[in-house]
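What follows is one chain in structure tokens, specifically the form predicted alone.
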């Protein structure tokens, strides 16, 4: 087996570093709301993202991807772990300090229909964010709104309209404009195109890529669509039941996945060709309130051994730029093309 290695680091000095981040939600019963257990949505996650870099996070529904994004932004408080942004301990900020600090870290939500206030015009929504974070003088707000709308491919005239007047793709562009209006350095993009028509998805992805390059944005890109992540992310992290299964350079992992779960996900990418190598995972993802012992994927893994139940496997360096949480090196995986 390959020797144990430290948790992987980004190729440059990290702007964001999360260490041992966990999020547990209590399960309560009775009139007194007695805690009888916990939903372990995120468990012991380590990650780093450099300025201008995109880390893609993939996995099935219920893997903890969206919860991780919200915890990193402190929309949810972590149960354990540390979150450092450019040297600032985000997890320890007071509510007031956190409110001001959020100018540096913004989120693009999955559903553009729900993320915009239907009672506010587009311009009012963007101005509110800039006013809250004191981005500019009040006299400059309208010009900045027009500028940021133009930057995302919208007309300045759209500032006076309400969200209901726009299509899904246009609303997502407006949501992106609102996030960028305060000048963030880090974005969490949570399934930003999954609610859009396929014909519109490519346009929004291209826009996000342009903005990331132009503003050197560090990005955590959450998606269930591996073909999208392959395009947008330099590195990828595969999650299952709140834990990291595999992480590293996107091209390397897509070409030669090591973890059986990663291999199964890649084999499910739609293709015009027949897929005799497709891996069909049996059963459902276990409940995060009662995860399996040891490797959480073992109950659905066709390569599982009795040893897989003994302990949580550590992240090990499999190859330069690739780490995996699997104890087996005697199984053959490969590209899912």
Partner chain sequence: MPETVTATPPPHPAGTPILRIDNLCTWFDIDEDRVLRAVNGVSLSLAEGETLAVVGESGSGKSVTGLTVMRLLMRSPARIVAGSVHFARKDGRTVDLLTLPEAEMRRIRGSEIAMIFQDPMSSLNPVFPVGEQIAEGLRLHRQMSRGAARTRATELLELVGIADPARRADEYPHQLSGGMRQRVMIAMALACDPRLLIADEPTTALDVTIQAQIMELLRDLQRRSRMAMIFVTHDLNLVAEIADRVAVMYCGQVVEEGPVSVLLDNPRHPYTRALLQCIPERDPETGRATVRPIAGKIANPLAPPEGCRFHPRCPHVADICRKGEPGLQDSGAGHMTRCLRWREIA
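Numbering follows the first chain given and starts at 1. In this text the structure is predicted, and so the values were computed from the model without any measurement.
Just so it is clear, the following notes concern the form predicted in complex with its partner chain, a form of the same protein that is not shown.
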Interface stretch in the predicted complex with its partner chain - options 175-183, 190-198, 120-128, 80-88, non-hydrogen atom within 4.5 Å: 190-198
Residue 278 within 4.5 Å of its partner chain in the predicted complex, heavy atoms: yes
Touches its partner chain in the predicted complex: residue 142 (any heavy atom, 4.5 Å): no
Partner contact for residue 227 in the predicted complex: its partner chain, 4.5 angstroms, heavy atom: yes
Any non-hydrogen atom of residue 254 within 4.5 angstroms of its partner chain in the predicted complex: yes
Residues 51, 53 and 111 all lining its partner chain in the predicted complex, heavy atom within 4.5 Å: no
265, 236, 239, 149 - the one with a heavy atom within 4.5 Å of its partner chain in the predicted complex: 265
216, 100, 202, 135 - the one with a heavy atom within 4.5 Å of its partner chain in the predicted complex: 202
